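Quick setup: the structure tokens below cover two forms of a single protein chain, split into structure 1 and structure 2.
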Structure 1
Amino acid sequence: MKFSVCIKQVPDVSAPISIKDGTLTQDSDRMVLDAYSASAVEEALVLIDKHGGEVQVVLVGPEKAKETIRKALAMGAASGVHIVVDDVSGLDSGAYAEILAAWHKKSDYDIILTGKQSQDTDAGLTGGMLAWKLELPYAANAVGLTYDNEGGKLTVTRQGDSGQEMIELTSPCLVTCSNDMNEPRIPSLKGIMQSKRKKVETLQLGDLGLDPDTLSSKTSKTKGQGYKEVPGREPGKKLEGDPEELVTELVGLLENEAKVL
């Protein structure tokens, strides 16, 4: 069983950011493995520990994103693929799906895992678009995975508002993973040392038959217009006095100001 896990490098959410004139400024040196991607890698590793197989990670990003691939290799992935795109700022979910689909059409896999969304933009369409482009059965927002070796079936557990939904998929298939499904392991010193010797294949967009000069303009359908600070909240009102009078005053506020009664 071979897992192909699509991972992403994102800014460290604990790093300071600032917004000036609609432009977002952040510490470009503090980049980390996306939390949803880390959960997808962890779940794949858990399954191959039980059933055998291997995990390969695939990342689209600039040259320095190779450090993020090494993090996944240190966790236990067997190999990595780095599709080098120096500037990813113009790529939306559709563009990422186009790139990943071009790679997977030329590669071998049984199960593709992705994060359910991206930790930096919260965009969550790449997995579904990739499944559509590859014509694969698909389940989203998984909180648990089990695999039946004999039947070759993957059972996906999804958490709903009032219960859980169980979906059975036949491989090859694609699943997007919630970060609620597990606690990603911290790489050991041995894993970190071994990751330096593991193979990372480096590709350019041209190697996949894609034109880097037109990919963003032709494939990306959305474009960020700018950034704004979150508006501050108005201060609440504190009521004091006799309880009976307070109830009357509170009901009046809810009816006349809040308009909720």
Structure 2
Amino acid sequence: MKFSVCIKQVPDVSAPISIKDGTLTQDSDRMVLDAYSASAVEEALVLIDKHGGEVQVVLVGPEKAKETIRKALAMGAASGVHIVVDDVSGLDSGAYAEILAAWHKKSDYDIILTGKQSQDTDAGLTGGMLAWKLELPYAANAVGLTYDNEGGKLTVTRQGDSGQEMIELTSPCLVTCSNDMNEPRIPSLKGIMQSKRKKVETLQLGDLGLDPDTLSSKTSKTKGQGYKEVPGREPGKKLEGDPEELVTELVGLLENEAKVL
């Protein structure tokens, strides 16, 4: 069974952010492996441990993103593919899906995993777009995966609006993964050493018959127009005291001030 796991490099969202004239700046320029992508890698590794097979990771991003591929290799992926795009600022999920589709059309896989969304943009589009472009059956927001060796079927438990749905997919297929699915492993020292010797294939957009200008001007159908602050909340009241006092005070406020009871 061959897994192809799409992984994204994202800024560390926990670093402090500021906005000036619509432009976002972060205190740290630390880039990390997207948490949802990491869960996808973890899940693939768990499944090949059980059923045999191989995990390849694919990333679209600048030169610097190679460190994120190494991270996935250190977790245990066998090889990486780096599709180099120096300037990703004009690309949206539609463009990433187009690039990933071009790569997968030339490559060979049984199951594609992506994150259900990415940690920085929360778009949640790439997986569904990619599945459509490759004409694959898919399920989104997976919280569990089991594989049946005999029939080549993958059973996905996905978190729906209420309750969970179990969907059986026939490979080749695509699944988008929630980070509720597992706890991604921390690479061991041995894993890190081994990752240095693993193969990372590097491609340019031209190798896939794609052109950077078309991808940002046409394929990306949405345009970022800058950032703004989230409207702040009115400062609230902090109540301290013994429990009975707190309760009396709170209930009074809910009844008479907030009028929500």
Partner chain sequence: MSKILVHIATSEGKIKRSSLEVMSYCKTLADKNSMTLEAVVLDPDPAKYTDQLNTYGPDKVYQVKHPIFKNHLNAAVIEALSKVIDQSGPRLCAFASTESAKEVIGALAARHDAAAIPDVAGFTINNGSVDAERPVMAAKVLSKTSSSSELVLVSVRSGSYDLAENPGNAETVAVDFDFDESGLRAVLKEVLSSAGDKVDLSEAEVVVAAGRGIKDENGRKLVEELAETLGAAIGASRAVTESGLFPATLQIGQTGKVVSPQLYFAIGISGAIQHVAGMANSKVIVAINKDPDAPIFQYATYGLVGDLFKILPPLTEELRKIKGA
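Superpose the two forms; the largest set of C-alphas matching within 1.5 Å is the rigid core. Every residue number counts along structure 1's sequence, beginning with 1. Predicted, not measured: the structure shown is a model, and the values here were computed from it.
Could you let me know which number goes with the form predicted in complex with the partner chain?
Structure 2 is the one predicted in complex with the partner chain.
If you line up the core, does Gly160 shift 2 angstroms or more at its C-alpha between structure 1 and structure 2?
Moves: yes, 2 Å or greater.
How large is the turn of the smaller rigid part against the larger between structure 1 and structure 2? Whole degrees is fine.
Treating the chain as two rigid parts, the smaller one turns 40 degrees between structure 1 and structure 2.
With both forms put on the same core, how far apart in Å are the CA positions of Glu245 between structure 1 and structure 2?
Displacement of the C-alpha, rigid core superposed: 16.6 Å.
In Å, how large is the CA movement of Gly236 between structure 1 and structure 2 relative to the superposed rigid core?
Rounded to one decimal, the shift is 4.5 Å.
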